[in-house]
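Presented below, as structure tokens, is a lone chain in the form predicted on its own.
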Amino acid sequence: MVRRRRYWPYIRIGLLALALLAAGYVLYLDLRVRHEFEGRRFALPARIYARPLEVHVGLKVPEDDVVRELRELGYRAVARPDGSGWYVRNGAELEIAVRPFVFWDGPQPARRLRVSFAEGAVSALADAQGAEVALARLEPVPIGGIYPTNNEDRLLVRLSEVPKVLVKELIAVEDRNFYSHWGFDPRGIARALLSLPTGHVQGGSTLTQQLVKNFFLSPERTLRRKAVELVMAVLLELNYSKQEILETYLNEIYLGQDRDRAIHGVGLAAQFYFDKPVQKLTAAESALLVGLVRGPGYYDPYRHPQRALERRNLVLRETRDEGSISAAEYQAARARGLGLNPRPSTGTTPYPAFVDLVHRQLRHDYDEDDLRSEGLRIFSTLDPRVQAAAEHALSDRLAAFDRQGRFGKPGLEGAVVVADPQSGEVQALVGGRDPRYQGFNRALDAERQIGSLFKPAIYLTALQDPSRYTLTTMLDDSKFVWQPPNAEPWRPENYDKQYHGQVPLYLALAHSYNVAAARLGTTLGLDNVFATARKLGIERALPPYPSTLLGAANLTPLEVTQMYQTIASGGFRSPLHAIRDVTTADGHPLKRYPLAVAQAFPPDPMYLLTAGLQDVVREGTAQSLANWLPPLGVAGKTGTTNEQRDAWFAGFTGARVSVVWVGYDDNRPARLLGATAALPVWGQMMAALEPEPVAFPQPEDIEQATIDPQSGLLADSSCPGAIELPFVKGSAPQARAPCAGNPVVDNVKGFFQHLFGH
């Protein structure tokens, strides 16, 4: 007894210390609960949208393409007397009930439109009352996001927006005593204690405990974690109302998987499974979502529809048994099918390569944590119509090449970039033959030799000096050896292994003669040519060797597109960009990405170079483009690298500039040619987009002259194959070709014919 009394003070001190430690720990948990619950409750992804389709009279877009975009937006082809999000097709007219949407420049209300089409263009645009409308915007297609950890996605909803029947079903199935308990269910705890000998802690958690587990704790199933969960659940109930807890639970709960995207909360789940806002859910649809709480994978209605149907009906039955719905409501809901959204899943994005570009450009202005948690709204430049054409052309052509075995073993890869030449907006970007693959992005990261795509930099350097060089200046395409100091001599060869003697500049470009280009480039000076390349938009350092003149430099398809954007715009360089505007989650503007244009070259040499690139398509290495496109004055350049490892085609129409690369990832030698491997992809894509012709306004200092292609001198109708070419005023040849008639004799003949009538 004495010994027991001797130790009793120490026992009390120990118990007091334990109590203080426990109280301190509870205080820590309380601070943590309040801090995290009241702070940033949810990490919301940055949401990325395509460009909105702006409809106006004269817009060249087929009716089918507008319908396709409406379907991608989830519009239904069924008219409803009220509401929006539907369309009706009446012959060549579309009636569209446009949804409301908050754009970067403010909210746009719901409205009805009548759009008429004729000959592949919008011929009339009016509202529901028949009044003419100058311009109307559809809401932009969501194309992806930049997601928090584990790719969690959600749409936040208020408790007042959630149908009451969904709340009743959730309470009936998951926590019947939710409104009366203090965060835990004693019977559930008893079940957990009884399961301890088995090593698997079990028990029926309350909604509050489920929220704590999902919101604050790891998924491990141990007694310690269960005890912490219980304490935090009580603290949550002490600090917050049932309504606040329930609203947070409805936004937090995991309800399914869309490929690599985790569906959290009833707001996003309603959209994902039923393509409707949560406010519009029926009792049957709400019951399906509640049924998923117990096991989103096990009851996945897409993979296990019968299992999901049985679970949904169980939720309805228990809700009826609780008296929360009537027997008639139960029977009506039970008789319904699942009614799932038929659209295929897309994961975090159906356009991973383009979203990758958006993400990289956003990093220049925003912290990564903000991009993944603040719910920013990113309005991009992607054009779904152009993107679809690019994806289809690349996948279709590469599959055909594999079947034919034209270029070697199957496994060819490719990349496509399409941009607006005036604004620099990237309209489409494909990173590989499988456009949904979220791996190596060849459009941004495949650094490959560009071959003859570099040659326009040589010719542009020359054409800036019209006193020495014009399109008809004769170039020497005979054998050429370059002997640099202290290095091996360089002996360029033409693809056909032949030399062509004296050829006019425009034909040397059209037929991509290597020797003529190499001799011209070295005459002009490597530094001068490389300076031109930098002004065209190539920012990386180029290898300081003459072989660079023939494309022995590694660039990505995006970098090549920047180079050709400057050419396609007539010398005005606009940095390629994929973002238009950024707003907060509630639509407050944060940053605009306005058009940035710098004049890199005067108009005269650019006009001459474009004429030369049009000759490439008309009679040079790209003349097979006529198999896809009618004569449009399309300009372009083929590119093939050493041992035919890479095939390129870069070209532009009146409204688009695009680059296609085709090759093997392992850089193996193949039989790839720009004209036979890359050009068909470009041609098929552009044919689907009904391109406009290249039509640059002729600069004031440019004049036209008829030229004999054999001699490069002035010609007339007597010369076979005579062509008309542009010249800077005063630079056209003065001498007449041998085939041309004598102008004095011709004038005398014309005088007497006019005088005597014959």
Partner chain sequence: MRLLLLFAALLAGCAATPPAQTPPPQGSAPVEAAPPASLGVPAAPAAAAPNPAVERLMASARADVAASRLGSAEATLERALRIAPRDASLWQQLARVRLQQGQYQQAESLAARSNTWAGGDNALRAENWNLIAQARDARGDSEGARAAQQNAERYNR
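Numbering follows the first chain given and starts at 1. Remember, predicted model here, so these are calculated numbers, not experimental data.
Not pictured, yet referred to below: the form predicted together with its partner chain.
- Across the options 729-737, 42-50, 62-70, 715-723, residues that bring heavy atoms within 4.5 Å of its partner chain in the predicted bound form belong to 715-723.
- Listed residues 76, 137, 294, 276 were compared with its partner chain in the predicted bound form; 137 is the one with a heavy atom within 4.5 Å.
- 592 is the sole member of 242, 304, 592, 668 with a non-hydrogen atom lying within 4.5 angstroms of its partner chain in the predicted bound form.
- Although the partner is absent here, residue 631 sits close enough that one of its heavy atoms falls within 4.5 Å of its partner chain in the predicted bound form.
- In the predicted bound form, residue 607 approaches its partner chain with a heavy atom inside 4.5 Å.
- Under a 4.5 angstroms non-hydrogen atom cutoff, its partner chain in the predicted bound form has residue 618 among its neighbouring residues.
- Contact between residue 703 and its partner chain in the predicted bound form is not found at the 4.5 Å heavy atom cutoff.
- Residues of 543-579 placing a heavy atom within 4.5 Å of its partner chain in the predicted bound form, in sequence order: 569, 572.
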